[in-house]
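Heads up, the chain below is alone and in the form predicted alone; it's given as structure tokens.
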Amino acid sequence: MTTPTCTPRLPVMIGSWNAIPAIAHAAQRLQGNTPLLDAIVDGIALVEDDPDEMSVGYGGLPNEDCVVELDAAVMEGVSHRSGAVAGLRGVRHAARVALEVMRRTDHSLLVGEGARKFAALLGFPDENLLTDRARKAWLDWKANLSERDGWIAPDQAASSFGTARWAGRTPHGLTAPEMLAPDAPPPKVPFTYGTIHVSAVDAAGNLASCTSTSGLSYKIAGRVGDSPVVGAGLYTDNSVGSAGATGRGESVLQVCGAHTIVQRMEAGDSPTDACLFTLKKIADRTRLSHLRDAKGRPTFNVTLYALRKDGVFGAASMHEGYEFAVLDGVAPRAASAAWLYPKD
């Protein structure tokens, strides 16, 4: 069950499957009267520091040039302000840089070298984010997949971009759907669209959200997905709720995913139904043959997260078998997401 039958006691936090440590830390910080968005960003910093989390921060999988590029965004409900960075190199705490963009500037998004210089001015250390493990993954990808990358053939018939899937088990034991395409990377090559997302509502009913990611593995240098784009990878409206997304960012961008979820909640949908509506919209708008299987279903996954102002939450994935993290009581836990397409 992804949506409780009664209103949870605040605060409530919801996030991606890898967000349990972040949510636990954020909850502790809230108990010490840390502002909500600061607490979320502090929690996400723990995951950005983890070299074993290959989709976020230090240790994230690199682009096709073997360079780690990070994207992150924050949004605060009370002020309805946001901050984001994209294509950030050499700074592991991308979410903290995004928070500084929101608080210190009149801008919403800094990219590339400008984002790096901004972080340096604020004293963020410049470091090599490529771990030995991520370098080995890139070398394996390069050796096996040098002809398969983010480029697409003019007729859109020969590309595997967007179809390669990680298939296996989530950390909490649910089996993910077998979605490896025939030309997908060999199993030894890690591949991810992974992102960490957290949306939260505090005891006063105020909302905030954050995403952070190293983006699509082995992407074309400079590629930016949905994560740092307000209205796509995250969106927070203090009068309604908050939402976020993980998975294939291009597809979320093209339907303004997080904003669509919040709009649907404002119109009366439950959080879970709002997520399912948005997934159906993504599926309906997926028209390129290389992104659809023989039954016309998207070959990629997207997981969406929604939190209403009263603390009611929900999450849904394009395909069955995915999990999300939630805190609606004493401790964070894993829960099964609803899905649009069941396993065959």
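Remember, predicted model here, so these are calculated numbers, not experimental data. A residue's number is simply how far along the shown sequence it sits, counting from 1.
Keep in mind that the form predicted in complex with a small molecule is missing from the display, and what follows is about it.
*Asks:* Could you tell me which one of Ala115, Ala274, Leu216, Leu207 places a heavy atom within 4.5 Å of the small molecule in the predicted bound form?
*Replies:* Filtering the options by heavy-atom distance leaves Leu216.
*Asks:* Tell me, please, which stretch of 263-271, 81-89, 124-132, 208-216 lies within 4.5 angstroms of the small molecule in the predicted bound form when heavy atoms are compared?
*Replies:* This holds for exactly one stretch, 208-216.
*Asks:* Just checking whether Gly77 would be counted as a contact of the small molecule in the predicted bound form - the rule being heavy atoms within 4.5 angstroms.
*Replies:* Output for Gly77 is no: heavy atoms all beyond 4.5 Å of the small molecule.
*Asks:* Would Arg248 show up as a contact with the small molecule in the predicted bound form if we use heavy atoms at 4.5 Å?
*Replies:* Within the cut-off, so yes.
*Asks:* Using the partner position in the predicted bound form, report whether His259 sits within 4.5 Å of the small molecule, counting heavy atoms only.
*Replies:* Looking in the predicted bound form, residue contacts with the small molecule do not include His259, since no heavy atom lies within 4.5 Å.
*Asks:* Against the small molecule in the predicted bound form, would Thr236 count as a contact residue? Criterion: heavy atoms within 4.5 Å.
*Replies:* Heavy-atom contact with the small molecule at 4.5 Å: absent for Thr236.
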